[in-house]
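Listed next as structure tokens is one chain, alone, in the form predicted on its own.
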């Protein structure tokens, strides 16, 4: 098999082992594109590994897209070990598409430090327990249903994931910005490029959870800060 030397192959026992955070971390390390190639549905030695991989890569693509990464940089494909020509074709097509998009940061119109900072926020969100739980239940809820026997379509599951991704990215983005110092809702909205009412919604939710508190009031504008939690006794 012959394909471009720009490609670096990482072999795995199963694509189901690819964690969404790994995709984000690869871009933080400077990769221009990531293609995950799994076996065909029905051929997985681990039963549902390739189904899980498709969901995980789709989730990573959505989260990274929300923070500004060109989603054409993340692709999931399928190929068997006997389809060498198919694999070469997929690699070549992906390489050509990445060349068309350009180096990391070019299509996003962001400096590399700025883009990687956003990708880091997505990585943190992708590691959240809430997203991991939904991803873990995706195939089960679609094929077998929940404990009440209710089944959900892929569209319904992705719609749920979309909402959670947006919430988790905004939440962790706010916490990251507050980690730099106290800030008002208007400042947070400007930095994160979201509407002030949306920023306020997330700040108040964090305040109810005891993660954020009032730092002070400048005129009629309150500012908020991260609440330092007391250290646990040894």
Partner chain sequence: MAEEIRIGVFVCNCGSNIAGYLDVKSLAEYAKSLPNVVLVKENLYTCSENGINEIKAAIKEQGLNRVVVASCTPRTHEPLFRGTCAEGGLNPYLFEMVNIRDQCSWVHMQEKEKGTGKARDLIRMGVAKAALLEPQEPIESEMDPRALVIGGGIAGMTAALALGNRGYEVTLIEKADQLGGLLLKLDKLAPSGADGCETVRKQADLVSRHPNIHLMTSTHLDEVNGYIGHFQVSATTNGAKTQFGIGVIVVATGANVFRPAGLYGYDGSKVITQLELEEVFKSGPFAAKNVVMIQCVGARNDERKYCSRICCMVAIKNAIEIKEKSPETGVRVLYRDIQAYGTENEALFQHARELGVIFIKYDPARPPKVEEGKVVVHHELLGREIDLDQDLVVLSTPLVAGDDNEAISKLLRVSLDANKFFLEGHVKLKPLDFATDGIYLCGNAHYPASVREAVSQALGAAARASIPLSKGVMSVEPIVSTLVDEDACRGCGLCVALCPYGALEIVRGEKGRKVKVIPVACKGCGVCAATCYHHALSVNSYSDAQIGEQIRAYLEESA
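Residue numbers count along the first chain shown, from 1. None of these values were measured; they are calculated from a predicted model.
Below: the form predicted in complex with its partner chain, not depicted.
Asker: Using a 4.5 angstroms cut-off on non-hydrogen atoms, would residue 26 count as touching its partner chain in the predicted complex?
Answerer: Yes, residue 26 lies within 4.5 Å of its partner chain in the predicted complex.
Asker: May I ask you to state whether residue 10 is within 4.5 Å of its partner chain in the predicted complex, using heavy atom distances?
Answerer: Yes - in the predicted complex, heavy atoms of residue 10 and its partner chain come within 4.5 Å of each other.
Asker: Is residue 132 close to its partner chain in the predicted complex, meaning a heavy atom pair under 4.5 Å apart or at it?
Answerer: Contact with its partner chain, yes.
Asker: Can any non-hydrogen atom of residue 196 be found within 4.5 angstroms of its partner chain in the predicted complex?
Answerer: No, residue 196 is distant from the partner.
Asker: Since the chain is shown here on its own, which stretch among 183-191, 204-212, 28-36, 164-172 would lie within 4.5 Å of its partner chain in the predicted complex, judged by heavy atoms?
Answerer: Selected stretch: 28-36.
Asker: Looking in the predicted complex, is its partner chain within 4.5 angstroms of a heavy atom from every one of 62, 67 and 96?
Answerer: Contact check failed for every one of 62, 67 and 96.
Asker: Give, in sequence order, every residue of 188-210 that has a heavy atom within 4.5 Å of its partner chain in the predicted complex, or say none if there are no such residues.
Answerer: Contacting residues: none.
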